[in-house]
Ligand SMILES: Nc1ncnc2c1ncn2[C@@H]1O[C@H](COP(=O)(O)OP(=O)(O)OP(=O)(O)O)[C@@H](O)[C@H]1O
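Only one chain is given next, in structure tokens, and it is the form predicted alone.
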Amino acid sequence: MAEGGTRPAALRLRGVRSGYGALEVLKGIDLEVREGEIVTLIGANGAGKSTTLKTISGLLAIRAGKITLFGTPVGTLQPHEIVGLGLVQVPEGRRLFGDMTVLENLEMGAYLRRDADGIERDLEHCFELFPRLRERARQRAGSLSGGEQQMCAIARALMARPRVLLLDEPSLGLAPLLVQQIFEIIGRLNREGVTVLLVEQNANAALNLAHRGYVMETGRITLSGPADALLADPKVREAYLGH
């Protein structure tokens, strides 16, 4: 895909540090996602990718630096306040409410909203994106297949009507055909106006979908640029693309 050009920043991190207890995981990272872009963050396990998303979402406290969403500082806000500003995360492992039905999970995604008509329209849009979920609407989410659970997790996030969507390893554990379907949906959502920050082990698929990418190693951004340039970079190819 082409680079995002000079669009305004939807999400910006400057000098961000965070971690767990005495362990500092993020060591002053700078990252930017422009409006209308898909940006991917790739790196080895333990590099700090999921920690980055949790810090942006407010699930993990920022220790230094600044995070802005459409120009508004969000580093000290609670997770539900950040959702209210239009940023929603689909966590690694889906984290569905397993004993609740698919429909109840989707309704939970809209818990901050009060526009009943809009919620109904968005629910129908989710069922159009994921026809399988319509078939499974009354089924317990915990009984779904891995692919169906990932669809449900993305649909639940969409019910919050995100302007920026954070996706943490959406292809994890899925068969190749399902991975292709999920990535096609991500591309469609982006074309519909959703800005995306994608953390993904499948670096080849992620870079083929994204406009730009960042490479993370041990809590630092070591490389960034247009996705096609990263795909062609010998170091990236050797480390993350298997050739």
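Numbering starts at 1 and runs along the sequence shown. Because the structure is predicted, anything quoted here is derived from the model rather than measured.
What comes next is about the form predicted together with the ligand, which is not displayed.
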- Message: How about N190 - does it come within 4.5 Å of the ligand in the predicted bound form, if we only consider non-hydrogen atoms?
- Response: no
- Can K54 be called a contact residue for the ligand in the predicted bound form at 4.5 Å between heavy atoms? yes
- Query: Does any heavy atom of E92 come within 4.5 Å of a heavy atom of the ligand in the predicted bound form?
  - Reply: yes
- Query: Is there a non-hydrogen atom of A175 within 4.5 angstroms of a non-hydrogen atom of the ligand in the predicted bound form?
  - Reply: no
- Item | Proximity to the ligand in the predicted bound form (heavy atom, within 4.5 Å), stretch among 42-50, 62-70, 28-36, 177-185 | 42-50
- Query: Would the ligand be touched by all three of Y20, L23 and E169 in the predicted bound form, meaning a heavy atom each within 4.5 Å?
  - Reply: yes
